[in-house]
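Given next, in C-alpha cells, is a single chain: the form predicted alone.
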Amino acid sequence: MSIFVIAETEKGARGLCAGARTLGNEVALVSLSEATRIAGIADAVYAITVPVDALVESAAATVSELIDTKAPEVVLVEPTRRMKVIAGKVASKQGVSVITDAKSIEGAAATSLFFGGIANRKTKSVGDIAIFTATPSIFGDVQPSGSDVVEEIAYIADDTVKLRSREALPPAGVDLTVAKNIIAAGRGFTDEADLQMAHDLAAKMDAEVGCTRPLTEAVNWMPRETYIGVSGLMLSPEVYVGIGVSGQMQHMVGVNTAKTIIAINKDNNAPIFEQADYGLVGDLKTVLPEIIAKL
C-alpha cells in the first residue's frame, strides 16, 4: 500500500511517517517547508517550495496534482489548521471526503468518535483514495525509516486563495498532537498567574500544557492551539492530568483514549472523577505546590 504524509511540523512529519510505515510498504512525505524536509523518515520526500507571497494553503493545487500522478491509496494529514485546509481541497478534487480525527486506522478504514464523543464509528472511503487527519500518538511508540530521496516538485499557483496581508503572531510554543504526557488546565484556575504551577508540573513530568475552551476564548489566557475538546484537539496521550477541569463531555472527548487519566479538583462531585483512573480532591493552590515539591 502506498501512503502519503502531509505535515506542517517536524514532529508531526516524523510521527505520521512512522505510523504510515505500519500501514503500508511505500511511504512518501509531502514537504511544504524546510522544517519538514527530513531525511531518513520516508521512501521519498516531495519538496514543494511555496512562494513567500503565497499562503501555505495555496499548495493544495500542487499536492492534488502530485496525488493524481503518484496515486497513493492513503493520505495521512497532520491536523493543524493549514493542513486541514489542504486536506479539504485535495479531497474535493479527488471526489472523496476527509475522515477526520482518526483514533485508529486499518487499511483504508478508520475508527473515530461520533455524536460528540459518546460513540465510535468505523468509516471507509468509497473512492480510490482515503484521506485521514490523525495525530501521531494513535500509532504508539514507533520509529520512522526510509531513504534520503528528495524530489523537488514545481509549485502550481492556486487562484482560489490570495494572500492580502501577513501579521506575525506569538508562537504557541507547544504541539500537543505529539505530546506523550499532557497537563490540562481548566476553569478551576481563577488567576492567570497560577497557570505557572501547571507549567512547573509539566516540566517535572516531561509533559505539555493544554486547556479547556474557556481558557482560550473566555479569558484568553492560553493560545487557541492548546484547546482540547470536540471542536479543538483530539488526542491520545500516555498520561492526561486534568487540573481544575470539571470533566464535561465536550472536553473529555478529546482525551478519553488516554492510557491513564488523572484528575485534580476540589469538587469531589466533578464529572471528571467518573472517567479518571486516579483522582485527588483538593484545592489546586494547595495540592500542586506539594506535588511539584515531591517530584
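Heads up: residue numbers just count along the shown sequence, starting at 1. It should be emphasised that the depicted structure is a prediction, and the values quoted were computed from it without experimental measurement.
Below: the form predicted together with a small molecule, not depicted.
Could you spot which one of 270, 255, 60, 41 gets a heavy atom to within 4.5 Å of the small molecule in the predicted bound form? The residue in contact is 270.
Would residue 187 count as touching the small molecule in the predicted bound form under a 4.5 Å heavy atom rule? Yes, residue 187 lies within 4.5 Å of the small molecule in the predicted bound form.
Is residue 248 close enough to touch the small molecule in the predicted bound form, meaning at least one heavy atom pair within 4.5 Å? Contact check for residue 248: yes, within 4.5 Å of the small molecule in the predicted bound form.
Residue 277 within 4.5 Å of the small molecule in the predicted bound form, heavy atoms: No.
Residue 231, heavy atom within 4.5 angstroms of the small molecule in the predicted bound form: Taking the distances in the predicted bound form, the answer for residue 231 is yes, it comes within 4.5 Å of the small molecule.
213, 244 and 266 each touching the small molecule in the predicted bound form (heavy atom, 4.5 Å): Checked in the predicted bound form: all three residues contact the small molecule.
Any idea which of 231-239, 62-70, 30-38, 44-52 reaches within 4.5 Å of the small molecule in the predicted bound form, heavy atoms considered? Only one stretch passes the 4.5 Å heavy-atom test: 231-239.
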